[in-house]
Structure formats: structure tokens, C-alpha cells
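Next comes just one chain, in C-alpha cells: the form predicted on its own.
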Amino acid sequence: MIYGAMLAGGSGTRVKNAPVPKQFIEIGGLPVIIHTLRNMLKCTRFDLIYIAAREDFIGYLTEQVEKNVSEPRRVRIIAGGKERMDSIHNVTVAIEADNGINEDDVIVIHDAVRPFVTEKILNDSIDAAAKFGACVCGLPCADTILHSVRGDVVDDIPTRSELFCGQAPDSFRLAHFIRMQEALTPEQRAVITGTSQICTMNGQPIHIIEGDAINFKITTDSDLLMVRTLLGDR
């Protein structure tokens, strides 16, 4: 089985000018999360896509999925958790309860606020996860990176050719991913900011697949403006 997972449990506090979490902001008559889901569903290899959503938006999201996606039967909506790792855990628990876990199952974990994920990225993620066990989507850094411990003085400038900007999705052989989750200490869980850190904390090599500049994450009001422009929203 090949599963998609969309994380939509956050509050998105860095987008200042919105009355709802950024994944539920409507652009072109549809919430951002539906734009993302439509692109995920273009990948026909997904058997099911699980969405871990804020509990207070589950009813709204269920209605949006029924009205605005072509294959709602391929979508499962569950409650997200307080933190990213909690939402991912809820997804894997739901998958195991629904279908059990097989050693060759693959999970592709994506951010609900990356609405322009491409079919190539999704297919490459599935293939790399099946082959290598774990992979992350990334782009070579285009800008010079300044390393500063205090934030006001440059301590060093890393070699740009060795640096990549991490994107989503993060993809894994599911059974191995669950075992890595279970091996984490409470201290490790508390500092995780990106899904693939689970691998670095478990000594699991992570394969890099090529990302795409269009696969950006809505983090700030400026990002939201770019999405509105790209979708022709006025």
C-alpha cells in the first residue's frame, strides 16, 4: 500500500492577516488545503490519503472534500495532534487500525500549506522511499548562507554547493518509520522540527530527491500573496 499523509493541525501564527489557520484560508473560492489535496490526488499511486486536521475544522474540511475533490473515497480525515510528531503518530495509528502494516508499505508525508507539489515530486518520493527506506525533497541553496550564533555577527559562511533547502514531502517505508518513531526519547521528540530528523536521530541515511521552487510553503503573509497571485485570486 502507498499512503499519503497531509499535516493540517497547526495554527500558522506567522501569517498575521488571516482570521483562520493558513491551511483553511480561502483562495479562489477554495481553502488552501483543498488546492494541496487536489495536487496530491493527481498521483494515482496513492491508495489512501490521510489528513491530520485541527479538530475544530474537521466538519468544515469533510464538507469541503465531499464538494470539491473528484475522489473523496481516497481521503481519510482524522484528528491531528498538538505537535507535528503527534499528528504523524495519529496518522500511522489510523493506518494500522484500518489496514494493518506491511513491510513494503510506503508513506509520503506532506505539508497542507505546500499547495503546488508536483506529480514528479510525489512519484520520485514514492520510488526513493521504496528503494532507500527514507527520502526528503530538497533544492540546492541558491543564496549564500550566513551562519551566525548570536544573530548579529557572521561566524562563518558554509560551502553553498553542499547545502540544500529542505522541502516536503518526507517519505519512508512505513514499518521502518514506525519503528524509528517508537525508538525516539522524549527529549528527541521535543526538539524535532522536521520529519526527517527522525532518521538522523536513528542513524538512518536519508536519500535526497530533487524539489521544485514552486513547491514552497506558506509561512508568512508574503508567501500567501504569492499563492494568491499564482492562483489568479483577487
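No experiment lies behind these values; they were computed from the predicted model shown. Don't overthink the numbering: it's just position in the shown sequence, from 1.
Below, we refer to the form predicted together with a further copy of the same chain, which is not included among the displayed structures.
At the 4.5 Å threshold, heavy atoms of Ile206 reach a further copy of the same chain in the predicted bound form. Although the partner is absent here, Gly166 sits close enough that one of its heavy atoms falls within 4.5 Å of a further copy of the same chain in the predicted bound form. Proximity of Ser196 to a further copy of the same chain in the predicted bound form: non-hydrogen atoms within 4.5 Å are present.
Although the partner is absent here, His110 lies well away from a further copy of the same chain in the predicted bound form, with no heavy atom inside 4.5 Å. Residues within 4.5 angstroms of a further copy of the same chain in the predicted bound form, judged by any non-hydrogen atom, belong to 150 to 158 and to none of the other stretches in 101 to 109, 71 to 79, 86 to 94, 150 to 158. Candidate site formed by Ile2, Thr44 and Glu66: none of these residues places a non-hydrogen atom within 4.5 angstroms of a further copy of the same chain in the predicted bound form.
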